[in-house]
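Given next, in structure tokens, is a single chain: the form predicted on its own.
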């Protein structure tokens, strides 16, 4: 792919590795702002070309996506004498680590975070010239990963044929997601996956444990209403209603005393409490 600016001034190596900063390790020969603008244009154009070749509705590789994700983008340029002018971009390879739940041979879910192939594109006019193999091998050396330990996001039939031819990756382990893993994915990994515990059957699930039930039965000294006798609790007929406190027993002597207090006038309560007799002449007459 050709551009209106000089590719050799922004990508000084045959294969340049980019991260979220969108700048290669070797400093471009133009200003940082100009290099940033040109690199953004390159990434967006090759992302569109890849989406078109895969018949995708929208590009999955763009400069904005690169800036918001921890992905690595390897861009391959042509260094042959016939492109000694402004240079051309041959293709690219995008990789990144992702947390996946992968099925093993027994069908168990394994939590792993493998390096994933997210996008791979070589220009149609330059395919079957060894450029794809050169770019893929460079990525494997840089990332220090074996090809069987990769997870590939929605590989095309052409890409699967490429892996069979150059890396003898043939047998796949069926998955329920869009990623493809091959035989040997779980062997000799630097960071082995973590096997998720099997789910319990719904019949074994209880609202609370038996130990909590025993605690309610045998714990002593609980507050009301649990400390009251069963006869003193009136349980409501509807499920979930809280118990009610039973009516207390009445003392007849206390009732007579309360009634006698009601017959006294407010100014006579103190005399009644002290045992003094009220003088009838001191009573106030009311009409």
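Nothing here was measured: the structure is a model prediction, and the numbers come from that model. Positions refer to the first chain, counted from 1.
The same protein also has a form predicted together with ligand COA, omitted here; what follows describes it.
- Transferring ligand COA from its position in the predicted bound form by superimposing the C-alphas around the site leaves no ligand atom within 2.4 angstroms of any backbone or C-beta atom here, which marks the site as open.
- Put simply, of 181, 100, 122, 115 only one has a heavy atom within 4.5 Å of ligand COA in the predicted bound form, and it is 122.
- Shown without its partner, this chain lists 168, 177, 161, 171 as candidates; in the predicted bound form, only 161 has a non-hydrogen atom within 4.5 angstroms of ligand COA.
- Relative to ligand COA in the predicted bound form, residues 72, 140 and 148 are all farther than 4.5 Å at every heavy atom.
- Partner contact region in the predicted bound form: 123-131, out of 140-148, 123-131, 181-189, 105-113, criterion any non-hydrogen atom within 4.5 Å of ligand COA.
- Taking non-hydrogen atoms only, residue 86 never approaches ligand COA to within 4.5 angstroms in the predicted bound form.
- At a distance threshold of 4.5 angstroms between non-hydrogen atoms, residue 96 is out of contact with ligand COA in the predicted bound form.
- Contact annotation: residue 54 falls within 4.5 Å of ligand COA in the predicted bound form, judged by heavy atom distances.
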